[in-house]
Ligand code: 9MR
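Consider the single chain below, provided in structure tokens and representing the form predicted on its own.
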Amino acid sequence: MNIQINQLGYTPAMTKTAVLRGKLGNELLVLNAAGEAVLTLPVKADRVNIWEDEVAVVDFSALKAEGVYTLRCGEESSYPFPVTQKPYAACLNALVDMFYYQRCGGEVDARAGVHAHPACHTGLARVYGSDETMEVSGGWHDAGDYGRYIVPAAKAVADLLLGWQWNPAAFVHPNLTELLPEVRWELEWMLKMQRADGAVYHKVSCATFCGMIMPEEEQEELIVSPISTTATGDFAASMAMASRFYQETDPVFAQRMKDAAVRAWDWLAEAEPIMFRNPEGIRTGGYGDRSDADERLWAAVELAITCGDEKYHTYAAKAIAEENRTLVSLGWGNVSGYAALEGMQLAGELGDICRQWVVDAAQQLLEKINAYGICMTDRLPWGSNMNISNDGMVLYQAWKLTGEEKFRIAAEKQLHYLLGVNPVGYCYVSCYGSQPMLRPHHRPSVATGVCVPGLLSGGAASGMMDAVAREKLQGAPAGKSFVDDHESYSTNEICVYWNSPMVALLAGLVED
């Protein structure tokens, strides 16, 4: 397919651009369902070289009437796509339902079809290096494996709550689950991972990854890995943040989270950095880090908002003064961007600084955008689609702050890339679009032979980090370094913290 479009379609008001690969012709026709041309647009002779293709970008935003359309240039046609007021409602529901499918420690019921399963991982877990055991059931399986990790959990919680904060109306028609109750499922587990002194254990998993089996079939010993200051900082931040969202409906639960956040901070304030590395014999996801400064900053900002205590504000102000404020990082490895997005709520100069931080970072992103609309070209990291959603969140917020359409258009382009405007022509959300991702590195999908819907693939990754990628993608340019194969964990795994920023981005962009 050489005419790339958003396979789920567009709203009438959206900017609409198609990427044409190769010299297909001089005119782009927009055809209605009857095959009649409703728009004829020129294709510029000057093209851009990207990822070993010559491409032309054609803007067909003049198409505003609702209907189903196809683009044609020369002998090539696009997939058909709709223009409608709410083209993403079903996809957004599926992206949220993904978290229900990822539930651990509770039944996933018959509504999940072949993916239904009884409660899994319900036994006591042993604290590494001791005979102590803990009850730590619940939460979400992190990714294609069945580990549960505090660091990425905090990011996923924050993204989902931001999506709710930006547009709660986007979540009124769920299929399997409702957003705030689903987030609570994760929060309840996270609370179990806190030690009595306030410190937080980094993760719970078996010693190694299991085979491609259903979660209830994993029967190896559960092990709670040691504490880290990154996990404790992320825990403090996400708990302080979440407490505000549940204050009205369940003030007791909200207070419990607030108290847990304060205990975590009090321990953290006296602790030297403890950077997590897998202890001997543990080979599941590490989520290690080089610094905990960003986790401490985010925690201070959230506690300043939630508690109003001057000590948190003072810490946040000093830490923000030392930040590089041309970058709003929303990855699990650097969470300082959440301090920026959330810090906009703070009164006075600090709130102003955070707002400017977001706008400056968005402007830096605009200067990097390529022909496909995304902000990475030379190298795409493992989980690049998370970065693209993260960038969309920043651009969306810059638009809301400034009203400048350039930021809205750029945010929409991140979404369009994920849903089909990319050089491999996939809709990266499983089971959606004309060419959906269907073979993720995801144990329940492989075990049943049926792909769970609503999973966002990690997407193109230029590092050739698994055997399938090295075999099938050798020499491929960065944007084409993707294979829809469950054995290619570096290009086609799924993660709760990859779905979560796409949920937030979509919630913002579908505002009524």
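Residues carry their position along the shown sequence, with the first being 1. Keep in mind the model is a prediction, meaning the values are calculated, not measured.
If you look for the form predicted together with the named molecule, you will not find it shown, but the lines that follow are about it.
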| query | finding |
| --- | --- |
| Candidate stretches 369-377, 229-237, 355-363, 278-286 - the one whose heavy atoms come within 4.5 Å of the named molecule in the predicted bound form | 278-286 |
| Heavy atom of D145 within 4.5 Å of the named molecule in the predicted bound form | yes |
| Heavy atom of F209 within 4.5 Å of the named molecule in the predicted bound form | yes |
| Contact test in the predicted bound form: Y88 vs the named molecule, heavy atoms, 4.5 Å | no |
| Contact flag, Y149 vs the named molecule in the predicted bound form, heavy atom cut 4.5 Å | yes |
| Contact residue in the predicted bound form, chosen from R408, R263, H441, K155 - any heavy atom within 4.5 Å of the named molecule | H441 |
| Contact assignment for the named molecule in the predicted bound form, among F245, W189, Y426, W332, heavy atom within 4.5 Å | W332 |
| Sequence-ordered residues of 13-40 touching the named molecule in the predicted bound form, heavy atom within 4.5 Å | none |
